[in-house]
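Here's a solo chain for you in structure tokens, the form predicted alone.
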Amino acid sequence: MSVIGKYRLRLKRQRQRLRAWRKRGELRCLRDRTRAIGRGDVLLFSTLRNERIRLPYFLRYYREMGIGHFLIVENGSDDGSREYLEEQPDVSLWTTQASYKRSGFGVDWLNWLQRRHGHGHWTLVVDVDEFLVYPFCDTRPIRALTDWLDASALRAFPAMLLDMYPKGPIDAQPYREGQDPIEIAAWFDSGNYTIRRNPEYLDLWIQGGPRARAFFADDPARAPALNKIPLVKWDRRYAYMRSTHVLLPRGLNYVYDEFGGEKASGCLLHAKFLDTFLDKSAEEMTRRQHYAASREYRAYSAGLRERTDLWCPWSEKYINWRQLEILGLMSKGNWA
């Protein structure tokens, strides 16, 4: 990249950090328990709205993984999410009624909180319907992964977003509070993915899966991006640019190996397609707070009028992380 190109990216990062600093005033702290954060704790950051039914399992899943503290932004919930989170002893909670869209879809708020509280920590940024799976996650806590990443001088860990769905209509089996959503949404596409390299940011742009074939079949280039870098050894100089798809400085996006071998990676099991999704989709169509005037949710709404079954004869039922590695969707790299 030319000197001018590098300078332009540096300016983009500075503007993103400035946006986060300005947007900090939109956040009101309800519970600040950050003094309890330990020096080596892995921290989880998330933004949510009206996710009360999902929260018990979400918190349990990541507590069992070894997350030390949760830093959460609640954006105008009216279903009890805020009250529930206020009672959790390992959660620091901020609330805002400000526009999700104008905050860069929550990126500005979390960039600020990571800058304020995440410096020097491994930080995991996920939505409440995303469940990280990494090599040996069935036997090793997340601190084992981050210790290995530190020892390998790696600053970021990628995870492909893997859309999970039920066999049959997505509203056929109701989701119960506290339930593992993968018990219902146990299926995924093992293929049907396209990958292209972005020369500006050095990231790999991944698209495909059930959303591409069911909702964006006529224009798959507009399907949602599935590449994410959710786990980063955070430095206050860093900034997410587009959700967790792209980071600056751009070297953080170089999480693949072009010259033989594979770098370690994981998957985010994305349990969006439960019976709760139908109401969520209708709400977001009205709010229009998501990317491109909620284009993605418009596609969902149109598609769901025709079909609510994402299963197909080529669907695979999820077993464990080793299955995903065999299918080439994640890798343990040289971590033994």
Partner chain sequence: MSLGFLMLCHTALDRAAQVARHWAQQGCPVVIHVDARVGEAALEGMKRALDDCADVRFAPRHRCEWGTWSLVAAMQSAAELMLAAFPDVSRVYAASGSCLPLRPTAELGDWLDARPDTDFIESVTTADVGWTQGGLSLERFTLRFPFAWKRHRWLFDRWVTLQRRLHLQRPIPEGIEPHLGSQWWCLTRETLEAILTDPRRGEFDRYFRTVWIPDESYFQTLARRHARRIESRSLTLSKFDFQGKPHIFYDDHLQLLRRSDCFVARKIWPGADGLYDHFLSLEPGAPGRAEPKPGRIDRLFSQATARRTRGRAGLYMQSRYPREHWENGRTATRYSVFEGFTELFEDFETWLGRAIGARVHGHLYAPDRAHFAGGERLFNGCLSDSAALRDYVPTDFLTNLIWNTRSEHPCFQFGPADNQAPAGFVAADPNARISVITGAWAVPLFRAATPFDEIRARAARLQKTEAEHLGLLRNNWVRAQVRVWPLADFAAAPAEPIQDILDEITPRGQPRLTEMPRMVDLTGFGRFLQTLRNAGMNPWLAGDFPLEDTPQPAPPARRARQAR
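A quick note: this is a predicted structure, and the numbers were derived from the prediction, not measured. Numbering follows the first chain given and starts at 1.
Although not depicted, the form predicted together with its partner chain is the subject of the following passage.
The partner is not drawn, yet in the predicted bound form one stretch among 238-246, 104-112, 156-164, 89-97 has residues with heavy atoms inside 4.5 Å of its partner chain: 156-164. Contact check for D147: a heavy atom falls within 4.5 Å of its partner chain in the predicted bound form. Interface membership of L204, defined by any non-hydrogen atom within 4.5 Å of its partner chain in the predicted bound form, is confirmed. None of the heavy atoms of Q173 is located within 4.5 Å of its partner chain in the predicted bound form. Contact annotation for G191: at least one heavy atom lies within 4.5 Å of its partner chain in the predicted bound form.
The partner is absent here; in the predicted bound form, the one residue of D257, E183, D79, E200 having a heavy atom within 4.5 Å of its partner chain is D257. Remark: all three candidate residues (T139, R143 and S331) come within 4.5 Å of its partner chain in the predicted bound form, counting heavy atoms only. Scanning 193-229 for heavy atoms within 4.5 Å of its partner chain in the predicted bound form gives Y193, T194, I195, R196, R197, L204, W205, I206, Q207, A212, R213, F216, A217, D218, P220, A221 in sequence order.
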